[in-house]
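Shown next as structure tokens: one chain only, the form predicted alone.
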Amino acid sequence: MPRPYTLLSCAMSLDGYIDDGGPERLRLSSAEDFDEVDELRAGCDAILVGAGTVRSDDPRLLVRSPERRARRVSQGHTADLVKVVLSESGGVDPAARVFTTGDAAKLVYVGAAARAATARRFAAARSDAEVVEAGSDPAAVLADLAARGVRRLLVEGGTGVHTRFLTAGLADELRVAVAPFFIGDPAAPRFVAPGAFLHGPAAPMRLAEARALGDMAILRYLPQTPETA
């Protein structure tokens, strides 16, 4: 079954955390890294996060650069990406900024038991986001996105979403930006949770790129293929 090219992107500390345990969102990326991620966004059709990221960060998930927005429009696209939120329970706020900003479609993928109630709640809030039943299977989400014309998908987390895609073997590329400091807080969220990962010691990913971006390290991994193993 066809699916979009799926690129996972994450910034983390040297000890693998994506935030600290404080109430405010910890900034892990530098200005240069934010700009590179904005370029990644501009080259994709859709961007995906989980409900936890929406609740904790209230992100807008927009293409920030005016030049990149204009380039997308000149190519026949919307200035922003299609926004995708995974929420098995449907427990996301229709007033969250991810649903109220941007000029592209917004999609909320929920479990079967939550679809009707979530759709009513979004309709009552006069949200133009579409509520789609997909269960907890990311492959079903990707199949639906492919049917909608999404060819390239950027996944920006958080922990549960990255774990789900990686354990299912649905990552075509992984971009990790490593900040030059430690968190050391056992209560803080990590890049991934424990799981049965497809790319374990017996099937490691291939390091396609490693470079410095200021004091950050940018690592790009690809799945092993018969040609590269």
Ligand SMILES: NC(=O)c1ccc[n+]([C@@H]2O[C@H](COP(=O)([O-])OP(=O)(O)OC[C@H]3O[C@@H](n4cnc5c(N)ncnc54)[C@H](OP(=O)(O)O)[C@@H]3O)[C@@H](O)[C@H]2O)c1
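In case it trips you up, residue 1 is the first one in the sequence shown, and so on. For clarity, every value in this text was computed on a predicted model and none was experimentally measured.
Omitted here: the form predicted in complex with this ligand. The next part is about that form.
Taking 81, 98, 142, 86 one by one, only a single residue has any non-hydrogen atom within 4.5 Å of this ligand in the predicted complex, and it is 86.
Just one of 161, 62, 171, 179 comes within 4.5 Å of this ligand in the predicted complex, counting any heavy atom, and that one is 161.
This ligand is not shown here, and in the predicted complex it never comes within 4.5 Å of any heavy atom of residue 46. At least one heavy atom of residue 57 is located within 4.5 Å of this ligand in the predicted complex. At the 4.5 Å threshold, heavy atoms of residue 42 stay clear of this ligand in the predicted complex, well away from it. The closest heavy atom approach of residue 28 to this ligand in the predicted complex falls within 4.5 Å. Partner proximity in the predicted complex, defined as non-hydrogen atoms within 4.5 angstroms of this ligand, places exactly one of 146-154, 123-131, 89-97, 73-81 at the interface: 89-97. Of all the residues from 45-84, those having a non-hydrogen atom no more than 4.5 Å from this ligand in the predicted complex are 50, 51, 52, 53, 55, 56, 57.
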